[in-house]
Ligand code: FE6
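Only one chain is given next, in structure tokens, and it is the form predicted alone.
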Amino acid sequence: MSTPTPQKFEFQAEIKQLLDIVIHSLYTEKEIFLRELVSNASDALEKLRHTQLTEKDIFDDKLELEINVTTDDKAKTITIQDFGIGMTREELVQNLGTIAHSGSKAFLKAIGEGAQKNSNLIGQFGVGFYSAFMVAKSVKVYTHSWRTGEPGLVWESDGSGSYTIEEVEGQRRGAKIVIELKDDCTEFASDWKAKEILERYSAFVSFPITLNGKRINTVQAVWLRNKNEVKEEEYTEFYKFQAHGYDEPQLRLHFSADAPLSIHALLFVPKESTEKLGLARLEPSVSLYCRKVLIDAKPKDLLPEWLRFLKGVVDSEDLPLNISRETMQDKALIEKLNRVITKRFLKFLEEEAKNRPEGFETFYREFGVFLKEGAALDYTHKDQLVKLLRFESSLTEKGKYTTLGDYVTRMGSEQKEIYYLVGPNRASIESGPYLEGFKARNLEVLFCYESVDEYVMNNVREFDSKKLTGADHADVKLAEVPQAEGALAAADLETLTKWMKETLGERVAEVKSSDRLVDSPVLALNADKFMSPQMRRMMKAMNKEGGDSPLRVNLEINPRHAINKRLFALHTSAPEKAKLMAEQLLDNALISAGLLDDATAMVARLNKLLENI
């Protein structure tokens, strides 16, 4: 019996054009070919599973529904086999040789229109299949249809313009794609390389995937399951797999939505922030999937920058991807995904703060700086974020938080501003002179310990129509309160402040009596309305323009303090000693304000003062 000769076909002109695009410009990474072929194999198995529900006579029906990948580094081949729906001769021609059935014509039309619209061809034996030619010298597709009366076939091409189809004996149901690799692509015939690609892109395919006989996809796509059916250990196992972590997640949000988009999301908050530990800035780590196939492991626009600490997965069937599944073409849709997920996560944090306040505070201590970043920069979600901010205050115990909302409920009817102070810690703020006047008037002051706080307050600006104001700002006006007896007389006070201004010269913009000091002799207020002391230090540390600008402050003195009374007596009886005292008082005030950059002159002056004791 003579062996049938191979039947030769020419690719349609459009397929030749398509091959050229796929091989030379469509995919940014050659390794994508394996993801595409495995995804096609999964779809072929899914089609067979549905066919088995309606058809009784299935060829080779005892085969397991699985995908087998085999590498051979000596022969320089990689093989992808599924036991799925298979193809007849006509389907081979339609799917792999012509434009009509594969959906490729729509893709080519979209390319011509600037790729703004195209068919979603995920799961079709179409363009994804042709990605094999990026790495192949030749491609053979062995196949047998599920239909019992059909022969086994082999389709073969080198991608240059034609292909052949020939009958073969002994072919199992489904499709087996054998790729002979180009000389510069032989790494894909290595077990380790194939394993790396499969674990990255195809870890959650519904059907078992084996590589050289070993199961690859052992972790389930738990984000698609009902959260009431997922065990805690399954969530933890998935988190460790997806986040490459060794810890357990601190918080978890698992939700699905049908409108306005089809979304399945599983988001995790880690135990610790590596940024807080001083390591490199985090990169986006919420992976984007479409029907369990990885699209982008680190999508930059899926979530706002301030949510870069999140780990997890977002899966959406609504993504109109380009045919390589690598580039989202509809930016507006990605922005909508961004808004929906961010809003849902913020709602989740609000619920945590209300129902599990201690747990939320644990989260906030580790990741609060990210919420502050969002409050300062993300106008869309600013209102939600500001409500989540937490601070210690002059009315809370050490280590206990309050919110801006709670602060407002405690404000008196005459108070129009929310006051805050920035300092390295609670002790330094409480021991400094700036809090005295507010405590004397029972005015609450928020304590801000992080370097970003000044920037956040300046950008948030107000809450509940109340302006956020630094308690150390020169333009703060406080109500009159009864003062203790024993202050310098008005005339003497005017003489002293005038003399101090002349003595201190350009170092001070103004010297005046203070209505906010109680126990301290002096305080320094920044005279620069456009740059706070904290901002000036930050600019200096970053070597930015303005960081080295001449410092000028307003100096306020306490007319009841013994030091100032002594200074008034000395400024006429011992002017040189009084001058040293005035300069030292200014430096003391600058130290309290965190504005003294160089203590050399101060140390020399202190030595002189000690000589005269």
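Position 1 is the first residue in the sequence shown; the rest follow in order. Quick caveat: nothing in here was measured; it's all calculated off a predicted structure.
The next section is about a form of this same protein that is not shown, the form predicted together with the ligand.
Novice: Within 4.5 Å, heavy atoms only: does Pro433 come near the ligand in the predicted complex?
Specialist: Looking in the predicted complex, residue contacts with the ligand do not include Pro433, since no heavy atom lies within 4.5 Å.
Novice: So in the predicted complex, does any heavy atom of Ala44 sit within 4.5 Å of the ligand?
Specialist: Answer yes; at least one heavy atom of Ala44 falls within 4.5 Å of the ligand in the predicted complex.
Novice: Taking any heavy atom pair closer than or equal to 4.5 Å as contact, tell me whether Asp82 reaches the ligand in the predicted complex.
Specialist: Close contact exists here: in the predicted complex, Asp82 approaches the ligand to within 4.5 Å, heavy atoms only.
Novice: When the contact criterion is heavy atoms within 4.5 Å, does Ala524 count as touching the ligand in the predicted complex?
Specialist: So Ala524 does not count as contacting the ligand.
Novice: Can you confirm whether Leu395, Val445 and Phe447, the three residues that make up this candidate site, all sit within 4.5 Å of the ligand in the predicted complex, judged by heavy atoms?
Specialist: Negative, none of the three is within 4.5 Å.
Novice: Within 4.5 Å of the ligand in the predicted complex, counting heavy atoms only, one of 576-584, 553-561, 35-43, 57-65 shows up; tell me which.
Specialist: Correct option: 35-43.
Novice: Among Asn95, Gln415, Ser287, Gln384, which has any heavy atom within 4.5 Å of the ligand in the predicted complex?
Specialist: Contact check passes for Asn95.
Novice: Just give me the single entry in Phe268, Tyr419, Phe370, Phe129 that has a non-hydrogen atom within 4.5 angstroms of the ligand in the predicted complex.
Specialist: Contact with the ligand in the predicted complex is made by Phe129 alone.
Novice: Is any part of 173-191 within 4.5 angstroms of the ligand in the predicted complex by a non-hydrogen atom, and which residues would that be?
Specialist: Contacting residues: Ala175, Ile177.
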